[in-house]
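First comes one chain, alone, set out as structure tokens in the form predicted alone.
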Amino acid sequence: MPKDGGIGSSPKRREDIRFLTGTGRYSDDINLHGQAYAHFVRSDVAHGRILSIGTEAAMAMPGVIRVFTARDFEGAGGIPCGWQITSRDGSVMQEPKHPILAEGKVRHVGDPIAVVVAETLAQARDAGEALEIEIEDLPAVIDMRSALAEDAPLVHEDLSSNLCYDWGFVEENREATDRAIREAAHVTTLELVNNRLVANPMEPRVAVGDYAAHSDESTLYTTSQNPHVIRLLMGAFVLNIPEHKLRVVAPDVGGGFGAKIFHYAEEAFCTFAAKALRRPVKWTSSRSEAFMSDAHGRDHVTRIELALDADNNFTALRTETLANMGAYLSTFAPSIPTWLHGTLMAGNYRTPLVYVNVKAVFTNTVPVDAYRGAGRPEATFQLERVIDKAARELGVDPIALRRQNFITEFPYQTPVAVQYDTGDYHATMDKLLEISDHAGFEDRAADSRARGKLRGFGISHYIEACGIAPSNLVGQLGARAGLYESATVRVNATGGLVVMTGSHSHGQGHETTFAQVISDMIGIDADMVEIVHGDTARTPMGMGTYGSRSIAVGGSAMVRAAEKVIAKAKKIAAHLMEAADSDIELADGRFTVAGTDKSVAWGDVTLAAYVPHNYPLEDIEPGLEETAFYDPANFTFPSGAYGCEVELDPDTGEVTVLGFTAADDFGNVINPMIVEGQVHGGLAQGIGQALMENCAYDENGQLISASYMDYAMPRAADLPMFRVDHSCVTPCTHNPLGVKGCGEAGAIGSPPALVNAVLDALHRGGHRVDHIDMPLTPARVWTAMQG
């Protein structure tokens, strides 16, 4: 059994004390002396030429300080994109400028045109109504196929077309893949849509800019998953502020789900305006504003083909995808449908040939970027849906077909570049069938039939790449930043520690789990460990939190820094006990000379580090503080088997999720309670995508799902009690903790399992429906049943 508070135990989350008592400090809680308020005036048309912006009436209104337009940012750069993709013909992607405020044209509903800064938010909003903006409407392109037509209106007139890039992977497999599909005994083809989503974190985005004239230093308080990256992008590429003159603080952040990774125009504006006005400037997004200014997720249209031989072995896989970029390239957008998607198309299966083609398209819609899972849910959905369809066409059990093609030997080099180090896919499938009571399903299905309902059971088996790294690899793939992580471990004289991490927490419980890791290494109480994050002035340069990288990369950096601290502390302990440092062991907070009963407490050694009266200074420097940067050797590869049981009302098409089971392999688990909570959250979001969430535009580019009246979010009543298991453990072989990451798994594995369950129910009821695109609303299901 793990010791209380150490690795493998489940102490309560320490940060929840402040969250549940209302004493958390979020960005909107920050109000600076003399601050002004910003209101963004946004385009209400999807595509148009700005003819004029009249500001006189607005400037004359009470409390108005200044109205900003694109003219005020003539010396500033555009919002940068952090990833460059090369097309299969060798050309680099088309990369238009993304201005802070619209220059000459508006390109989506919500594109910011002007900003009113006033003494109060109400005054800023009132003055925004008084701006006289004249826009000449232009034809909008919303549908990706239409956007690629030769006569399509250009989203960016300085580009040759609306095609951002045409990416092929693995290009040398292309001819062999085509040939294998032509010669296959059976080919299953499926066309599907991965619906556009809005992240909807609990806390909307906020930006508060401040400027200190005496030191020429700017500070930005913002809701960000990676404050160091915001400082780098905004300082170096947008506002030309030296990094040592720019501080970015991301305090408590209420959820991110990817949408808070990116650098946004509102952050740059508030930082710029604070210096221009010599007073703090604050902006807080409204919920409706978030729908048209936060980056959206998913939005892929795919054709996938799976080839099998006469014995039902997978021989080749080919996909063609259109991926919506929206009107501009968001920070990580180009990498999502390419390297974070294509490299996972092998899935858990021995498929010798894989070829992936992705065409990224500009449209007059909100930019699209990473959303929980970011590319891996899209890959898993394609793969797990086409396998289910193949099983039905071949008349074989979908579980048996998967088992037959599982990878069983590790390490395994996939045909799509990545190498899986460990895994046991049969074990997670066995666990899923056990805890879901799959053996009793037929009896439950009979009970549903007796009540006039249809019951179905669907599965999916996923793998994902977490801990996005190493830097030398992603650099070759087009990343414009390293993807390492950092940590500084500072030990106080009395034995307590402060761990400063470049990672960031926005609800995952890092202050608890990171402390557990350090506590376990030293053998002290976790309450003696303080975790500091989210402030570029207090933490070493790091890449933040996304892609389930926090414990695998950020935690590993902490381990490396703590190892340095322990190595130095052993030297001090050895001197105190007149022994060789190679003979010193640390356990349960005491240093012991191996093979003896001679020992000294952790606190005595840390005090000696800062009161160096009794050790030779020529050998050991005073103090006990170390920093480490960790750049992993490979991705980590969590995997799992998911099962969904649904009941369907044939009269209305309504789908009820009766049960959902998740059997995951996350490697070693630091805090089982927190892992279970992460999976629960991911499952809720995945079920939301599969059944109800859909970000929709009309043909004119108007966002018709711009509020909770129109965008359906899952509620507790829509979800069953989840069965979650993570007892199947194959530790990661290349990080010091053996961890893999758990934050996105639920959102990756759940949509295909749910869709497979609904189709299973329909087929059991005699309805030969091959596919229904998400979300599976009652109207869509009922319509499919009508044939």
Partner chain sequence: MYDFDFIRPASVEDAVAALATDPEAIAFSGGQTLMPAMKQRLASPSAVVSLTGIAALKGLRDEGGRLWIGAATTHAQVAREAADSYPALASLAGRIGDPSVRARGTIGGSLANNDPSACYPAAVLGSGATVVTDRREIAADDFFEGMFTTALEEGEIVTAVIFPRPARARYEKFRQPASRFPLTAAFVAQFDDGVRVAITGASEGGVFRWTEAERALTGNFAPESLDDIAPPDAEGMISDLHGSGAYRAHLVKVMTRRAVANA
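Residue numbers count along the first chain shown, from 1. This is a predicted model, so every value here is computed, not measured.
Another form exists, predicted together with the partner chain; not displayed. Remarks below refer to it.
Visitor: Using heavy atoms and a 4.5 Å limit, would one call R125 a contact residue for the partner chain in the predicted complex?
Guide: Close contact exists here: in the predicted complex, R125 approaches the partner chain to within 4.5 Å, heavy atoms only.
Visitor: Going by a heavy atom distance of 4.5 Å, is T652 a contact of the partner chain in the predicted complex?
Guide: Yes, T652 sits close enough to the partner chain in the predicted complex that at least one of its heavy atoms falls within 4.5 Å.
Visitor: Taking the partner chain as it sits in the predicted complex, is V593 in contact with it (heavy atom to heavy atom, 4.5 Å or less)?
Guide: Result no; V593 lies far from the partner chain in the predicted complex.
Visitor: Answer with yes or no whether D710 is in contact with the partner chain in the predicted complex, where contact means some heavy atom within 4.5 Å.
Guide: Answer yes; at least one heavy atom of D710 falls within 4.5 Å of the partner chain in the predicted complex.
Visitor: Ok, A696, L658, A184, L477: which has a heavy atom sitting within 4.5 Å of the partner chain in the predicted complex?
Guide: Looking at the other structure, the residue within range turns out to be A696.
Visitor: Quick check on this chain: which one of R278, H244, R715, R71 has a heavy atom within 4.5 Å of the partner chain in the predicted complex?
Guide: Checked against the cut-off, the match is R715.
Visitor: The partner chain isn't shown here, but in the predicted complex, which of 151-159, 619-627, 699-707, 660-668 has heavy atoms within 4.5 Å of it?
Guide: Going through the listed ranges, the match is 699-707.
Visitor: What residues, if any, in 128-142 have a non-hydrogen atom within 4.5 angstroms of the partner chain in the predicted complex?
Guide: Sequence-ordered list has one entry, E129.
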